[in-house]
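As structure tokens, one chain now follows by itself in the form predicted alone.
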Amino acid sequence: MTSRATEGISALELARRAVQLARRAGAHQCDAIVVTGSESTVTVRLGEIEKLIEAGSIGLGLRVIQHGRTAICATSDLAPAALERFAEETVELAGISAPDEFAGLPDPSLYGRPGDAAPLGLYDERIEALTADEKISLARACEAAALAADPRITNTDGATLSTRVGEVALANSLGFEGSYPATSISLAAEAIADDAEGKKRPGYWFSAERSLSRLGDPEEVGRIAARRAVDQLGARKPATTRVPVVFEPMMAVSLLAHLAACATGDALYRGATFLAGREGQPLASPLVTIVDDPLLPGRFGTRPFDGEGVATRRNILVESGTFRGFLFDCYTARRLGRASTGSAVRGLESAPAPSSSNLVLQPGALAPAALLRDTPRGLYVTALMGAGFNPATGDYSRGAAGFWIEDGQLAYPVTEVNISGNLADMLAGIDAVADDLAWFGAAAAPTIRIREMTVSGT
């Protein structure tokens, strides 16, 4: 993860040094982000190790702003002479770029406090201490459980365990300096069953967390993947109709992702969101509250400051059905006469842009079984395919699979169907929210039911 040139130098010191060099080269404003990481991936298939990767990386991204002219460059060559040339070249590029009156660093009054990272649970030393043999053992246990779960499981696409141990550091020319360590671990499995027609029915499941203690039990991950494959045996197509549609938690999370992409300042100023002009107005059912919270301890999207150094905060997108507002970084806030919501994310080679952190659709008080019993007929969605969503209009059309509901029970599996509607109508049509909140990476949702959608056999 380090070279001879960077050995013994912290990520924050590297970011600080890049800022100093850019200022020396004539930068008016600048910031630098350094991301380090030690990553591992092991895939086991049919009991054998199919892939075992251990890798380390370190990269630095530098943004220079010369009176509205911006250049962003990245490098992994951090030797002193190379870093000095890199800073000088980035300043030169900024000088020939097109000016933008809204470009600039955040006001220092918005900065987060670097010491705020400690209580957020971003680092787990047990992940760093895992040996290669222990990682292989976890992946093997997961796949073995999938294969043993049901005799109709005839194959797998393997089980994969991935870990990452890293650090993020940010410094700028207006005095912000901050860094935080971060770990992550994920385990995924895909089981395969053969139906009577010889079709392969895959079932997938995963768990992804920042700490080892929160990771799903490996054998349970494998068993769920197997069950989801077997559940699709004998799947058929329903006739085209309009019925209630129930989204299991993982599928409800996909709706959150669509909404979050529309609820950014970037989408707003580009005119690419159906949410324009709807702030403070009813959008969803009164049962719906959606919160973006980067301060939840130990979650994937948790961070003490955003990609520009602005202090992060809890933002309510939808409150009891009312759309409360958009997520902004400093650039989109300036363009639209708003204030940053501490929502900037960035890569080494990209400009900061607003995005969600930990997105949560708040649970209701209804048990999932009760929700199902209260649905005489409809579709229960467990898989979605395709990318049929238009953020500018909210029009929604995606392939789906799951179960047909009859008399309040899951009657038989269905596949090759299409569900369509408009996201605004879908949110307004949510008439039941269960209490089974489940996390999938940086988003969480419970089971929800939409009063009516078009379900088409394809």
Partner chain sequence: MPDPAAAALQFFRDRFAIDPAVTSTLLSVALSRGGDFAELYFEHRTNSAITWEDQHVRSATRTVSQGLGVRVVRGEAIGYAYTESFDMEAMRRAAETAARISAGERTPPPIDATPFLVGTSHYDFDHPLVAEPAAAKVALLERADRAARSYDPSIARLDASIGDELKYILIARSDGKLIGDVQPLIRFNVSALSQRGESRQVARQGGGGRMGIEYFEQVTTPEQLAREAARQAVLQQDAAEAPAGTLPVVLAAGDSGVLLHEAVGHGLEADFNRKGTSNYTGRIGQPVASPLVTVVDDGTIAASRGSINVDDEGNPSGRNVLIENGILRGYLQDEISSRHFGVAPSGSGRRQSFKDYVMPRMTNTFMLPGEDTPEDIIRSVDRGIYAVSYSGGQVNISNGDFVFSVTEAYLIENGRITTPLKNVMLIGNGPDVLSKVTRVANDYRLSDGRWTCGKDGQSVPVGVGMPTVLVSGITVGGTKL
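Positions refer to the first chain, counted from 1. In this text, all values refer to a predicted model and were calculated from it rather than measured experimentally.
What follows is about the form predicted in complex with its partner chain, which we do not show.
*Asks:* Considering its partner chain in the predicted bound form, find the one stretch among 402-410, 427-435, 25-33, 66-74 with heavy atoms no farther than 4.5 Å from it.
*Replies:* Stretch with heavy atoms near the partner: 66-74.
*Asks:* Scan A387, A365, A81, A196 and let me know which has any heavy atom within 4.5 Å of its partner chain in the predicted bound form.
*Replies:* That would be A387.
*Asks:* Using heavy atoms only and a 4.5 Å cut-off, determine which of F176, Y123, Y269, F300 is in contact with its partner chain in the predicted bound form.
*Replies:* Spelling it out, the residue with a heavy atom inside the cut-off is Y269.
*Asks:* Decide whether G47 counts as a contact residue for its partner chain in the predicted bound form under a heavy atom distance cut-off of 4.5 Å.
*Replies:* Judged by the heavy-atom cut-off of 4.5 Å, G47 is well away from its partner chain in the predicted bound form.
*Asks:* Does its partner chain come within 4.5 Å of any heavy atom of G216 in the predicted bound form?
*Replies:* Because no heavy atom of G216 falls inside 4.5 Å of its partner chain in the predicted bound form, the answer is no.
*Asks:* Is there a non-hydrogen atom of D293 within 4.5 angstroms of a non-hydrogen atom of its partner chain in the predicted bound form?
*Replies:* The answer is no: D293 has no heavy atom within 4.5 Å of its partner chain.
*Asks:* Though only this chain appears here, would L423 touch its partner chain in the predicted bound form if you measure heavy atom gaps against 4.5 Å?
*Replies:* L423 lies outside the contact set for its partner chain.
*Asks:* Assess the spot marked by E128, P286 and D374: is its partner chain within 4.5 Å of a heavy atom from every one of these residues in the predicted bound form?
*Replies:* Looking in the predicted bound form, the three residues E128, P286 and D374 all stay beyond 4.5 Å of its partner chain (heavy atoms).
*Asks:* So which residues in 41-67, when you check its partner chain in the predicted bound form, have a heavy atom no farther than 4.5 Å from it?
*Replies:* Read in sequence order, the residues that approach its partner chain (within 4.5 Å, in the predicted bound form) are R45, I49, E50, K51, L52, I53, E54, A55, G56, S57, I58.
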